[in-house]
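Only one chain is given next, in structure tokens, and it is the form predicted alone.
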């Protein structure tokens, strides 16, 4: 006859585990002997080894009791069901691993590779990190609402990087992002560049709106990054455009 410590050592588990199995009803708890100790026989060792084997295989403790009492057919069905649950869990964990890896990848979090490459190109043309950060968060908003169309619009975004006026716009914005001037004199230049770009885009696309894009959120995001964005928005509207985020003309002049 074995003490609880000897039983645990024989089966390769801890005494704490044995007591837990007693508590949840997986392993019967023997009566105490005349000396006040609980003694375990060979059947208890066998039962404990079975419990340990099933638990190590990933079988939930709540299902082990039923499996120990099941016939061969029921046991096989339970194994198949648990195997399916484990496959689902493995798939979920693999997805989690990829997401965790993205956390260390900076821009890759919640963004498609094409957008990440675009952000890298912005850095290459001299765009400040603060401005890239705002651009990145804007793309996160767009990607969440318009994920399937990102690949369609990125070629046009990359083509803009060959436009000197577009590059000039981002460089001036970068310079402004490093300044704390409340009413920066460069706002007018930025507004002119943006208005020219909006006009060109409207001519090329016929002012077709992209339904579902979070334009209001994009505008709000810019204001949260830099309150001076409101002054820029006012200047954009003075030039007849609803916002810098879409090529949409105002029906009435701002008043």
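Positions refer to the first chain, counted from 1. These numbers were taken from a predicted model, which means no experiment stands behind them. We call the rigid core the largest set of C-alpha positions that still match within 1.5 Å between the two forms.
A second form of this protein, the form predicted in complex with the DNA, is not displayed here; the remarks below concern that form.
Q: Sort through 192 to 200, 65 to 73, 36 to 44, 215 to 223 and report the only stretch with a non-hydrogen atom within 4.5 Å of the DNA in the predicted bound form.
A: Answer to the contact question: 36 to 44.
Q: So, residue 49 and the DNA: in the predicted bound form, are they within 4.5 Å at any heavy atom pair?
A: Flag for residue 49 set to no.
Q: Taking the shortest heavy atom distance, is residue 246 within 4.5 Å of the DNA in the predicted bound form?
A: Outside the cut-off, so no.
Q: Is residue 21 part of the interface with the DNA in the predicted bound form - any heavy atom within 4.5 Å?
A: Taking the distances in the predicted bound form, the answer for residue 21 is yes, it comes within 4.5 Å of the DNA.
Q: Could you tell me if residue 57 has a non-hydrogen atom within 4.5 Å of the DNA in the predicted bound form?
A: Outside the cut-off, so no.
Q: Please state whether all three residues 6, 15 and 61 have a non-hydrogen atom within 4.5 angstroms of the DNA in the predicted bound form.
A: All three within 4.5 Å in the predicted bound form.
Q: Once the core is superposed between this form and the one not shown, does residue 31 show a C-alpha displacement of at least 2 Å?
A: Stays below the 2 Å threshold, so no.
Q: Does superposing the core leave residue 81 with a CA shift of 2 Å or more between this form and the one not shown?
A: No: residue 81 shifts by under 2 Å between this form and the one not shown.
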